[in-house]
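For this one, two forms of the same chain are given in structure tokens, first as structure 1 and then as structure 2.
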Structure 1
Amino acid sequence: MRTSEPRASLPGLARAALLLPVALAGMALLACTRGPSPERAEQVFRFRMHEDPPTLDPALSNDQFSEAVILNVHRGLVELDPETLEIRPAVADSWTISPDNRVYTFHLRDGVRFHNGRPVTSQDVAYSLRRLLKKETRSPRRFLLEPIEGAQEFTDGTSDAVRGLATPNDRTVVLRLAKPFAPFLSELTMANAAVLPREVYDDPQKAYLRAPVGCGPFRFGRWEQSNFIELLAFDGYYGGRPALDRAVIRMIENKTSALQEYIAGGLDSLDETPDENDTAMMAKVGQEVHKYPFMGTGYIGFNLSLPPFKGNAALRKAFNYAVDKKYLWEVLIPGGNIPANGIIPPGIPGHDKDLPGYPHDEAKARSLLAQAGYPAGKGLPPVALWVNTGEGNRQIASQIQADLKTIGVTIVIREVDWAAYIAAVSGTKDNAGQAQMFRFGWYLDYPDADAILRPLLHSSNWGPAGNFGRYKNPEFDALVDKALAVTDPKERAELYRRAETIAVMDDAVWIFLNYYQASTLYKPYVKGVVLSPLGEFRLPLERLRIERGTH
């Protein structure tokens, strides 16, 4: 999941598993007993999104806002618990993995129904996975199912069936991988792998884009674009009807406006928090601010195919030492992100808190700059730093501009809208793009170092596929590849640590800026909040309840 927004905000919500072990099997879910009693006040939770989700089609979802909705409306075979980050049963209530780590057998839970009332079968699972792989679907996340045997042939159209996908009966799904792939289950937890009812998703008119149907805890209510999305509790949810009757997502772009709306009571939660130095405001809502780390890293990428960074590690190190990350995150924009020393964020196996990184050191920066061939910046033409439009980005970019000015380097900021930004940064296979430096943030889709090292730095993703910096180091590649086939967690973590050290200390592939920390407002009457390392948008709505006391 990538974003160039500097502040944290993440994908979807999910789940309800804590309450319901396996005992639910066979229960008549439609006759659920937890319906709202007449005297009970309606339970509504309203939160803010910056803008409409780009899509509500699970297969096409590739961003945090889309997932925020999809993971509440839909469920896949398995899900990632946003609190513990464990993989938990969802539509499948159990599974087995063969000793050679290649065959996954899923047993479906009984009594799972779509919002239209129809029971979920293994056919639906097979349909949904095939749909994700199908060429015509054009999913940007097709690669999630790539490890399944025969996936490529199916996508290419040379085979009508996915060889590694079988449904021996109504309640069983078997997936066979071409070779062992450690994070495969994690990949199945993603919104893209949601189980969909064929009768809705085969619609050529694509009505499902505006009225999705799934088997998650909430059914889709109304969507008025740029205004709100309304989700309604699903009485037949296999995990039991959620306590909330409704969830309302309100689209509000302007941060200042949104903050005023939260204070006025029009929102129960907000993904922005007030300035820490505003004592009056903090006295009012300070108790409602929740801070928690989440899995993501922010950085300034160097384009290693373009001058002046091409083949000049000393220059990249000089830039790193010149930028004062501590000032940036502890003084200039306090209360949010944590200064980074590397790539793998805290909490992920492989994170190395002892990695020296590049603490602010002007003298070192100057000497490295001279070593790089540009003493005091002489001879170095202005370097372009690309960011996408957004207030936070501008402030960060301006600070970096000012920091580098002190060692004699001139930075020009190119602040452009997202489309122009991504075009300039990604370039093509043969064209390195225009962006010499670019600000980027990466949120890990699941808690595994592979989910950041591979997409951003492995040479197989070189160029527009995600490795925008065009980093290529066989030694690094080998370590990351080796880790995938290793099952011992300790050994894997060690391999990732070694890979990270190469990319950070030897090659200085980025300016390592920050590990993300979410900072979210919740009204005190909102109970059951999960401060997820996956970010505020992964809040599992079905665990929430509103306790306002008496009105």
Structure 2
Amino acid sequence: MRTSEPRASLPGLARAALLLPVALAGMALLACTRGPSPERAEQVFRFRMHEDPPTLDPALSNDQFSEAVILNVHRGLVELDPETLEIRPAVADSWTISPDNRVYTFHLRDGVRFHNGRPVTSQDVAYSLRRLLKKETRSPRRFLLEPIEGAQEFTDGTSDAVRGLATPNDRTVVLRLAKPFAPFLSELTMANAAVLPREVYDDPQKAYLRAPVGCGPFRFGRWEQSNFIELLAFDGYYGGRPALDRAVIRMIENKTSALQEYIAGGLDSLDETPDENDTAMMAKVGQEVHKYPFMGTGYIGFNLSLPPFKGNAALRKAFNYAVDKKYLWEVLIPGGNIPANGIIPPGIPGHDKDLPGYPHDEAKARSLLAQAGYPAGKGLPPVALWVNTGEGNRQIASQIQADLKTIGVTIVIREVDWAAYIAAVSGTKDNAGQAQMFRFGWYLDYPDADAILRPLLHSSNWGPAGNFGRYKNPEFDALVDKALAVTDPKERAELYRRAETIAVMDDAVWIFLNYYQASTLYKPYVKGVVLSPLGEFRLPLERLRIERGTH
């Protein structure tokens, strides 16, 4: 998931279920509407989003705001534990993988129901996966299922069925891959792979966009555009009814307004914390600030198809040594990020804490600048650093400009709106964008090094597909490709470390700026909080409870 702003993968059991009397299904629906018992206070958790989610259709979701709702309303075959990042059962309570790592057989758990009361079957899983693959759906995450045999032919319309998708009975789903693909199970944990009821999502009027139906711990309540979204506890959730009765997501764009609302008691959590230099505000809420690592990396990209960076690794290394990342994140903008020594963030298998990276070293930067053919910057024309509009981006770009000036390099900052920015950065498949340097960041969708190395640096994603810098190194590609077919975690991690070393220490493909860190405010009476590297908006609401009067 990309951003340019700094923050801040059994038989016969279903038949009895299908024979349940209609009256019982009706009772399940009525149960969904019950409120809290009279002897206890209603449990309500209120948190803020900057704006309305762009979509509530899992197949179309490609942002954290949409996922904040979708991941609580829906469930897929498997899910990620937000705390340990382990893959765990969801709609499927078990699965097996064939010895050749190509066939995944999922066994659905008993008692899973959609919010409309209907039991979930393997046919619902098959429908949901086919819907994600259909060209007409226009899913930005169709690639998640591309490893399945016959997926591309189905998308292209040359086949009416997905050859590698089978449902032998109502409780079993079999997915056969064209070749081994190690991150496949991790990809199935993403919101886009949610299991959907066909009778709701085949609606030509698309009412599901305003009233989604899933089988997750919360059912959809109301949506008042630009105001709030309300989620209600689902009594029939297979994992047990949540402690919360309601979750209210309030849309508050302005950070100052949101902070004031938090202080006044209108919010129980807030995703943006005060500036650490604001001593008055920190005195009020500082003890309620929670910091934790976030799976993402920020960087300044080099366009390797344009001068002066094309074919000049020494120049790229000089730029890296010139930038004082420690000052940037510990003094200028403290508390939000960690200086990066590479690409793969901490907590992800393959992260190399011992990778040397590029600590600030002005003497080494000057020496490399001379090796690159520009002693003291002589002969090097001004270089444009592109950023999209935003105070944070502007502040970072200005500091990089100042750091590079100390070695004789002139940086010109080009601040433009998002549309102009992304056009200048991505270009087309055949023609490079005009941005020589660009400020960018990447949040991993699942905890696997492939989720950052492949989309951003593999030559198959050249240009608009994600490899904006147009990096191409056959040795790097071969290592990333090999890791896809390796199932041993240690061996995969080592392959990724070797690939990262090539991109970082040999080729210096970026200025490696930061690993993200999240900061969030929580009232002390909110219990069960999981500070997940998946991010604030992947918070599992079913784990929360409100205990007012406790600290």
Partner chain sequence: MFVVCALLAPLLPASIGYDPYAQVAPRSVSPPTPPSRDNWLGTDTLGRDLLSRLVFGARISLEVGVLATAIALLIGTALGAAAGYAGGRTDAFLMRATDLVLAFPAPLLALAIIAAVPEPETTPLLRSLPHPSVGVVFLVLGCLGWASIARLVRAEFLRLREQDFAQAAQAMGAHGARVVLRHLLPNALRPLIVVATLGIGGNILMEAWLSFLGVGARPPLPSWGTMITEGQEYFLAKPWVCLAPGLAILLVVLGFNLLGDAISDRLDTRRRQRVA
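Heads up, when I say rigid core I mean the largest set of C-alphas that superpose within 1.5 Å between the two forms. The structure displayed is predicted, hence computed values, not measured ones. Numbering for residues begins at 1 and runs along the sequence of structure 1.
Identity of the form predicted together with its partner chain, given as 1 or 2: Looking at both copies of the chain, structure 1 is the one that matches the description.
Post core alignment: residue 156 C-alpha displaced by 2 Å or more between the two structures: Residue 156 C-alpha, core-superposed: shift of less than 2 Å.
Residue 278 C-alpha relocation of at least 2 Å between the two structures, rigid core basis: Yes: residue 278 shifts by at least 2 Å between the two structures.
Rigid core fit then residue 378 CA moved by 2 Å or more between the two structures: Yes, its C-alpha moves 2 Å or more.
Core-fitted comparison between the two structures - CA shift at residue 417, Å: Here the C-alpha difference is 3.1 Å.
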